[in-house]
Each structure stands twice: as C-alpha cells, then as structure tokens.
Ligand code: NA7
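Shown below, as structure tokens, is a lone chain in the form predicted on its own; questions about how it binds or moves come after it.
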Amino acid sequence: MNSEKSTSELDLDCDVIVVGSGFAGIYALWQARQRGLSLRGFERGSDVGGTWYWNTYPGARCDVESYNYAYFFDKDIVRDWDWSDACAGQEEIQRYLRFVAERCDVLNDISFDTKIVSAVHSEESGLWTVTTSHKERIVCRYLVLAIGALSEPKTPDIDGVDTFSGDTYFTSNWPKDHTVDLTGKRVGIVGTGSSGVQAIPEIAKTASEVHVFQRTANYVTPTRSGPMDPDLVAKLRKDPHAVRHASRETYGGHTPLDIGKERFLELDKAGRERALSEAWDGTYVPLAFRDAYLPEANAAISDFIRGKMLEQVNDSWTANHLVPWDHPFGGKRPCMSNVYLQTYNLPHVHLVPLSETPIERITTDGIETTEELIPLDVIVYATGFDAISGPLFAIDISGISGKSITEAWEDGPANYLGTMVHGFPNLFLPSSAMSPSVLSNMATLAEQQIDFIFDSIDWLENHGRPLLHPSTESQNYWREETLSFAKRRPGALSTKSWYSGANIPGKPRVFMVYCGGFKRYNEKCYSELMDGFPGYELIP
C-alpha cells in the first residue's frame, strides 16, 4: 500500500471501519488485517456475537445444524472447536464467536458499547466520516456495515404498551444476567415466530399461567438437535477449505444432511406418502423430494406438515388454530421445535388467536382483547424485527449530494448484488436486502460476501483507489432478478411476511431476499470482479 497521503487524505484515520461483530463483522476485521489495511471496529453491545449476543431469551438456539453454521476459512478453528449439539444454543454460539475473535486477534480493534449514529460521505475527499454515540468522529476510505438483517427490534404497535404495571421483556433484548424468574407468574407472550416458538415451552415450565397471543400461525417441524455425529465431524475437519468451496456450490449455502432420493412427479400417491413419512422421521421433511421446489410438491409437503401438527395437540380447537392454513410451507419463515406444539397440552397454557379476538389495548393489569381482559404479571414481546432494511435506517447515512439511505429506499430497498447502493460509494452492506440473506446459511454468506467485499477493495487499492458504486441500471436489473426468482418460490409473493416488510405498518412491500441460489449468486458477484465491475460506476 502507498503510505503517502494526498492533501485530500490528511484527515484519514483508517482505511476501513467495520460496524458489527457477528459472523460477518468478525471475519471482516480479520480480512482487513490480513490485507494490511488499517481498521477500526465498533459494536453497540458489550461483547461479540451480534444476534447471538442480544437474543439470550430462554430456549434460544440455531435452526441450522452446527455442521454448517460455522466458519470454514481457518482449518485450525474448525479442528479446535467442539460443538456439544447439532443445533447449538445461543450461549454456545456466542462463546464460539468469542473464541474465533480471540483466535483472529481482533478484539482489540473493536470499541464495544458504541453505537454508530451517522455516516456521511464527502464528495470532495471521497471519504466517509462516521460519528459514534460517544461523539467520536472517524474518517475512513471504506465503510463496512456488518449490522445484520435481524438486529433492529420491532416496536409493538399496540395501544397502551407503556401503561402496563408489571414486568416487560423483549426476546430481542433479554437481560444478559439470566436473572428473570417467572416462577408462579401469569405470563402473556405476544408473537409466535421463531423466538416465540423457542421461548414459550421454556417459560411454561415455571409460569403459573401462560397466555400466547398469536397473530399468525406458523409451520413447526422437528429439529435436528442432538449429539454431533463424530464421523461427520471428522469429514468436516479433514479438509475445511473443501467444505467451504462445496458450500458455495449449493443452493442454500450448506450441504443438506439428508434429502429425498426420489422425485415427487415420479411417485404415485402411496410412494409420496412413504417418502413424506420417512422425511418426517428423518427430520428433513422440507426436502422430502428431490423436486421439493415444485408447487405441487410443496403443496403435498405443506399438507403433510399440517396433519402432523394436528396430531401433536390434544384439543382440536387449539390444534386447528396453531396450523397455518393460509400459506404454503416456506411462504414465511418456518419454525423448528420438538416441544412447542405439545406445550399447549399443558392445562395452564392458553392460545389466544388474534385473528378472532384481536388485542384492543394493553392496560395496567394485563392485555385486553375484543373478548376479555386477561390479567398478567409479565408480558414478553416476541414481536420480531424491522428486518433487513431496519438496521440501516437506524443510522443516519448520507451519500452523494447529501441523499440519505431512507430517501434512496423510500420505495423499498434497491441495490446491486445485495452489497452496494447507487449514490453511496465505498459503502458495503453484507447481509443486506437482495442477497441470499436469511434464506441461506448466514455463516457461509458472511464469508462469501466479506471475501467479495475485500477482494473488491483490493481491486480498488490496485487501480488508483477510485470510488465504487453500482449503476442505477444494475440496481433495476437486480431488483427484477430478485423478483423473478421470488415468483418461483411457493408463497413468497402471496404471503404477508417480514421477507417483504409486511410486519411493519407503512413499510413498502418489496421482497427483500434473493432466491436464485447461493451458487448463482456467488458466480454473479465474482463475474463482476473478474470483468472489472461492468455493472458499477467508478469515480476517479
């Protein structure tokens, strides 16, 4: 690197600023160091972990198997870490990320308990000025916002949320000291997405009464939780780099542990039922057929899961209301649990379907629906996140001509390859909209996107340090490309979900996840790099 600075660079504090210290942030800091770039890291939490630092609610764990949900860039990290469970819990994943951060020697590069308030681009110097919650101003050439897709909690849109006199907790920001004692308490839980599905069975173990306020029913299938397979672990450790490469050649960024060996269209009715039953017992029912992506196969999988869900709940009224009749499997994020549905067989656990009896308001004493006032001692909000675009909007970001990211995205997210936005040069957004994001293995995605980002930075460093941002034509093309693949995914466009912002009142409805597959996505990214960024604009 050229150590001499021009007049316009005199205020430069570092080459790269990385915001966030989850999977993408830790790896980004390591990559910056490996490439000889000066850097600063910032994290609003008190430790590394990202999602796995904040979501410490009871029962929090990963749905993606630990065989896949891990780094593979360093063979020694793969070989020196032992997972205790095939679907690791929150505490173990957070410890793992701390272990990796220590191994990579990046902890000293991170300023913890520090939130980024604003990021302003200068057209004169081409640099970014970042301001922190401690009023520190840092100037950098490249800004990497590794802030995750699910990091901005959704505020409950219910009248009277501040009037409740009891204790209130959010699954997205559970007390870190684990001192919440719900023994003998009357607990109301709002939300039955993944966080709610995981937390409700744990809360029901000690609470005297549990009232679950369900906005929409979700599919719930068994997890793969259990001891790690030593033979499979040995295969992963033999050649981690080969595993890493192979993951990028798949559709979801990971190698499925099991998949149906036959095709739905080639089986008769009896054969389909047999394949579905085997897949359910093997906990791979979403991939019961090799052509499970077909609408006909998806419909059969959806109906089969509904039937299995009904079997697990004793009360027919409750069972019927827990089953998602309004959308196909995969239309919104499905949930996984071996105990959630059975929890409703306990006499002190009650389902309140808000489709029939909506919440009217929160009172000092509890939650009032259109039918009754339910007295409570504690309310737990498992109401999710302002997903994907929300974390960006929480930072005051200004690009060329002072245009803000909220103005640029007033009609919904628009970017190219899920990592850069027109008018915001040298700003990189891993895990953002229009990338495989939450419909892929986020650990694999973190490595792939950070590799692409820092390979791009290397290119810029070696070509006179121009500024890089995508053309508007590329953004329009990529938005249409994302939409075209979403149309092929059963329920993607017909189901109200946070994939398209439907959980936030007033948020533009744009399907925000690229469904074209990890292999296609990775190849498209690197074709841009290899061809000198034809889909981008370079500013000298």
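In case it trips you up, residue 1 is the first one in the sequence shown, and so on. Just so it is clear, the model here is predicted, and its values are computed rather than measured.
Although not depicted, the form predicted in complex with the named molecule is the subject of the following passage.
Although the partner is absent here, T216 lies within 4.5 Å of the named molecule in the predicted complex, judged by heavy atoms. Among heavy atoms of P153, none comes within 4.5 Å of the named molecule in the predicted complex.
Contact between F385 and the named molecule in the predicted complex is found at the 4.5 Å heavy atom cutoff. At least one heavy atom of K332 is located within 4.5 Å of the named molecule in the predicted complex. Note on the interface: of 270-278, 195-203, 305-313, 404-412, the segment with non-hydrogen atoms within 4.5 angstroms of the named molecule in the predicted complex is 195-203. Think of it this way: in the predicted complex, the named molecule has a heavy atom of just one of D82, D157, D181, D177 within 4.5 Å, and the residue is D157.
With the partner omitted here, the residue from G418, G191, G260, G188 that has a non-hydrogen atom within 4.5 angstroms of the named molecule in the predicted complex is G191.
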